[in-house]
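Okay, here we've got a single chain as structure tokens, the form predicted on its own, with questions on binding and movement later.
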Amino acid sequence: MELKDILSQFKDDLKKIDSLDALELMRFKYVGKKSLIAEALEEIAKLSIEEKKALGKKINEAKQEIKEKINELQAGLSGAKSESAQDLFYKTLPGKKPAAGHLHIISQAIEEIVDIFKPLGFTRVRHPEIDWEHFAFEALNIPSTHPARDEWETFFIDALPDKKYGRQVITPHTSNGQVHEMLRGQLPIRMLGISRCGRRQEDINHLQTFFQFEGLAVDKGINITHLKGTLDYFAKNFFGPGRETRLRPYDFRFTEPSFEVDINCGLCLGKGCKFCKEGWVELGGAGMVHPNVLRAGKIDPNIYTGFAFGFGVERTYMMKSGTKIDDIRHLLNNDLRFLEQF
């Protein structure tokens, strides 16, 4: 039998192999002591020296190829009997795909928030996440006696204080960016500041480290209707038309008048549950920029007015319809079973 016929027959036989016993019989048939390959080697004894070298090389290469295919199929039958001989021979089985990652749920939320505010002319900016007390408190009309400046509320940095700006803090909010933005001296302002903040509370609704997004608009003639329209626009585009918001009068030092912005719970839609207690969840704070804050930013409150709002990114995403997240701490636990759902 010619070499090409042996290889053709081997390929046909290989497709029919479905057990290790049958594979061993085929090994004897093709590469054993009395195999077809052995017979082919005996035939070359009748040839000339040059013909022996050429044909002998081809036969040995064919013998090696047959051994490799048999060993490959043997490994396949031993480890995964469901794999077909044909697939193993032609190497058509797909490989294992590497695990593909994706943006973290918080990063996804930030991207969506930025895209929603773009049509209104808001530009994302970044300001220090570790800042001086002056920008985190004094410039925002928060006096030294205010409870927010207690060490049980704010993370202070162990560093030498500055005579003018005080101690350094991990910013408890993104509102420090308001004054930084005003001091740039470019009016009007449509700012969307997003950065990491730090506070000491932690429970199912609060984290010690979290992201916040801060909106600030300063221009001539800005009033509460502009603030309310902006908040309604965001709520409809982020949470969906079926969600409701409400404003409650509140007391923030850096806005006057001030409001707490609430939204009906995305888990129970206002009925009351473990997460919201009474059907409503605090979204964040908002109000008209206090004249003292405008002055700290070198802006004349007699000419310019503005509004500001600050919401936690994680809390805001938890209130989004369909997320069904009942504990904010899940977002930072790095549990792939949770993160792969988003």
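Values in this document were obtained by computation on a predicted structure and should not be read as measured data. So that there is no doubt, residue numbering starts at 1 and follows the sequence shown.
Here the subject shifts to the form predicted in complex with ligand PHE, a form of this protein not shown in this document.
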The chain here is shown without ligand PHE. Which stretch in 161 to 169, 246 to 254, 106 to 114, 67 to 75 comes within 4.5 angstroms of it in the predicted complex, by heavy atom distance?
246 to 254
Interface membership of Val293, ligand PHE in the predicted complex, 4.5 Å heavy atom rule
no
Given that the partner is absent here, does Gly306 sit within 4.5 Å of ligand PHE in the predicted complex, heavy atoms only?
no
So, Arg199 and ligand PHE: in the predicted complex, are they within 4.5 Å at any heavy atom pair?
yes
Any of the heavy atoms of Gly285 lying within 4.5 Å of ligand PHE in the predicted complex?
yes
Give me the residue from Asn205, Thr154, Gln212, Asn141 that has a heavy atom within 4.5 Å of ligand PHE in the predicted complex.
Gln212
Going through 170 to 190, which residues have a heavy atom within 4.5 Å of ligand PHE in the predicted complex? Please give them in sequence order.
His173, Ser175, Gln178
In the predicted complex, shift in Cα separation for Asp251 relative to Ala148, 3 Å or more
closer
In the predicted complex, do the Cα atoms of Ala148 and Arg329 sit closer or farther apart than here, given a shift of 3 Å or more?
farther
